[in-house]
Structure formats: structure tokens, C-alpha cells
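Next comes just one chain, in C-alpha cells: the form predicted alone.
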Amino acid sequence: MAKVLEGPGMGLLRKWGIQTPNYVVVTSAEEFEQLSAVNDWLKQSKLVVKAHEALGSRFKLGLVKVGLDLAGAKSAVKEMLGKQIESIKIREVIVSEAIEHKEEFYASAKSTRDGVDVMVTTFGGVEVESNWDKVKKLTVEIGETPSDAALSKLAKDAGFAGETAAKMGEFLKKLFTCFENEDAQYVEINPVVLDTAGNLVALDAVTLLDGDAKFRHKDWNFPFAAEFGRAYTKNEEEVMAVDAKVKGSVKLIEIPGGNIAMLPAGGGASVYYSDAVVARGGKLANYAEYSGDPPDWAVEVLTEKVCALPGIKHIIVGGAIANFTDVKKTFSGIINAFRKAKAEGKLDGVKIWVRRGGPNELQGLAAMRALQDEGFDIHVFDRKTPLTDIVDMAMAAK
């Protein structure tokens, strides 16, 4: 799953006809100053300023300011930007129009093993958790679309009446359409409010998308939010950009302070090798994987990032016996990156450990062994060597 921050999430809701407040996302006080000069609503409305980061409890942390005029919003933007909250530095702020309302509701769509659960309740905002038993649910089977009658009944069962029930039924239809068409796995709107003109408005959005579907969505020009308590590094973002363009997959997460770098083939192997390193008392410098037969240039980009990790003493290039990932082709990308890194002095004192099997493994392993003649400290093993033996060898060689 790939988490999307509030601004892009609201943009996806708007795309499918759900009303949201006006909003802007800014990265500097100067940018907000420029936007306030050309957007009349910023001058005329009461405003809400929030840190635009993957943070919980923003109210408690003082990262949400409500009921501000433009001058107050400018002050709040300056105050929040650059603020450090544990491992997260506030890099973006979202400024939105405050919507006058009297009632707050809750609506969501969630992927399940059986299909999609569409959920709604008249208890929104901070009241939803203590009234979760009042949430009503409609399960839509895989490949099906909920009927207008079913959504109308859901709204009425949840306690909506009259014209508001009809509007909520239509709102839920748009929510489901957004969910399905955007390859979402979870979309939550809390609160949905009834404004003074009688319109249902989404004031917030929690959105999780299928990140691997990005190639189908040319308008997904927003970054995904980091899911491990910090912003993505530049190297991680660059690998994500490659991953979004290619068949197959390349992944990277940097772990500061480690000295054993990982370059495994396949998600299972990546977890297997990482667990083996940790179980033996080693310190990982990263998590990585390439899988699904990605092109050699994509694997080369990933390898370049791995070779550039600071303080590494070992690189483990491990994998099981591939079914269709071409070992020779993917190894050619790794070898190109190794040569470039060595020329730049990045592999001085680094030992490389290789274990792999699969299509064209003989040619791929032979190409890896040939690097010994170029001065690489590289140790290459075939499918007959147990997977974790190269971890044991690396740990013994430290």
C-alpha cells in the first residue's frame, strides 16, 4: 500500500465529483505569499493551517491551527515549516478554507478479501471511534458496483433522513467510483460535513493506493508518503520513480548506521536475508529488492544507490532459484553499477557476496566471477550453496 497525503487525496476526491474546501499545499512562506496574492478565497475566508506530513495527533502537537485570517495563516505557515517532530521535519503545510457547518459525518471504502466495504455513520469527527458500533456497512463483491438503491438504503440505515439521505447516497456512489478507478485500497473521509448551503463536503482524506498501479495513472504526479516515520530520502525517491516506470519491481529503504548492504532478488529473499543478518547480530544498511524480471538499467540504478550507502563493508547479492527473472540480464545491470562505483572509489574495502540460481544463471555467475580479475573482492556461489551460507561467510569475514 502507498499512503497519500491529504492534499493529493483531496485532489482525487475532487476528480470524481466530491466537493472539498479550497486548499493549497506550500513548501515555503514565500510560496504562500505569492499564492495569497492571486487566490481571493485566501483573503476572504477563515482558514485552517495543518502540517502536511504523515503524522498522527497533529492537534496535540500544535500542528493544526483553525479559524485564522490571512495574517494569522501566514504566521502559522512560518511557524510550522522546518519544525522538527522527532524524526520528521515539516517540509509542507496545507492551508484550506474553513467550512461553516453544524453536523459531521463519516464515510469510507475499504478493500477486503471479499470485495469492498462501504461504510458510513452520522457520528463523524472525534465521535466516530466511540460510536463505531453505529457504523453501517455495505459489502460490494469483487467486480460488482453498488446500486443506487443499495447505497440509499445504507444511508438510511445509518440514520440519515430526507434530502440528506439522498445526498449521502450520491456521495457514497462518488466515493466508490473514486475508490475503484484510482486503484485504492482504503479511502476515509472524516469528517464529511453538511455546509450552510446544504452541500456535503469532505474536510479531510486518508487515502491508501496500490502503489504498483502508478503506471496506469499518468496524473499521479504526487509522491507517496513515507510509511516508516520519516520522509523518503532522495535515493529512495529516485528508486521509487524507476519502480513506477518498469515491468517488475525495484525497492529501496535506507537504514542509517548499518554496514551490511542488501541487494536480494525477490521480496521473499529480501526478508529472508535481512532476517538472517539481524539474527546473526549484523547491522543492515538498507532493505532492497529487485523482482519480476525488471530491465537491467533499473537494477543498475538500484545497485548504484546501494553501492553509495555510507560505511558499508559487505554487499549481499542473494536470491533463490528464479522462475523467470533472467539472472544474466539483471546481473549485467548490477555489474555495470559495480564497475562505476569502483571507479568512483565507493567499493574500497567492500566485500561482495553472491548466491543465485535461475534462467541463464551460468552466464550470469560467470560474469560475476570475472570481476575478480578486475580487482573486486567478490565471492560467487551457485544454487547448490544454501541461501544463508553467504550471510555466515560475510559475518565471519568482518
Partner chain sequence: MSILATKDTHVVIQGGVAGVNAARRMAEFRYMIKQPLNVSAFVYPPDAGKTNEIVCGTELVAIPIYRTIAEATAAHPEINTSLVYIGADRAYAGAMEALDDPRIKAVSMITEGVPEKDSKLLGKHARKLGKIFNGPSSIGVVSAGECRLGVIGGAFDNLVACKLYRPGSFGVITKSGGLSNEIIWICSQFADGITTAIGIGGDAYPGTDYVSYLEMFENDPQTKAVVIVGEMGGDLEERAAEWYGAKKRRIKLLAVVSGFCQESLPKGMKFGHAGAKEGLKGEGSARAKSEALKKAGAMVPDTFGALGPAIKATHEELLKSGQIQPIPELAAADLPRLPKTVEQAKKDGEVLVAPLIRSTISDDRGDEPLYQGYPASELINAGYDIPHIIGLLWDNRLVSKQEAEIIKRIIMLSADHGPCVSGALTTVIAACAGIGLSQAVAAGMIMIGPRFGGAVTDAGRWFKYAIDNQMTVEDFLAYMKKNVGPVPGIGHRVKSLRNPDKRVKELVGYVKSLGIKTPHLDFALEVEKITAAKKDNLILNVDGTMAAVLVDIGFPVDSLNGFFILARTIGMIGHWTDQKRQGSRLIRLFDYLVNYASPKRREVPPLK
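The term rigid core refers to the maximal set of C-alpha atoms that superpose within 1.5 Å between the two forms. Residue numbers count along the first chain shown, from 1. What you see is a predicted model, and the numbers here were worked out from it, not measured in a lab.
Missing here is the form predicted together with the partner chain; even so, the following discussion is about that form.
Of the heavy atoms in residue 113, some are within 4.5 Å of the partner chain in the predicted complex. Although the partner is absent here, residue 84 lies well away from the partner chain in the predicted complex, with no heavy atom inside 4.5 Å. The shortest heavy atom separation between residue 274 and the partner chain in the predicted complex is within 4.5 Å.
A residue is said to contact a partner when one of its heavy atoms sits within 4.5 Å of a partner heavy atom; residue 216 meets this definition for the partner chain in the predicted complex.
Considering the partner chain in the predicted complex, the lone stretch of 125-133, 158-166, 74-82, 96-104 in range is 125-133 [heavy atom distance within 4.5 Å]. Residue 320 is the only one of 320, 201, 242, 88 with a heavy atom lying within 4.5 Å of the partner chain in the predicted complex. Relative to the partner chain in the predicted complex, residues 142, 186 and 388 are all within 4.5 Å by at least one heavy atom. Taking the partner chain as positioned in the predicted complex, the residues of 251-279 that bring a heavy atom within 4.5 Å of it are, in sequence order, 253, 254, 255, 267, 268, 269, 271, 272, 274, 275, 278. After superposition on the rigid core, displacement of the C-alpha of residue 256 between the shown form and the other one amounts to 2 Å or more.
Relative to the superposed core, residue 281 shifts its CA atom by 2 Å or more between the shown form and the other one. Relative to the superposed rigid core, residue 291 undergoes a CA displacement of at least 2 Å between the shown form and the other one.
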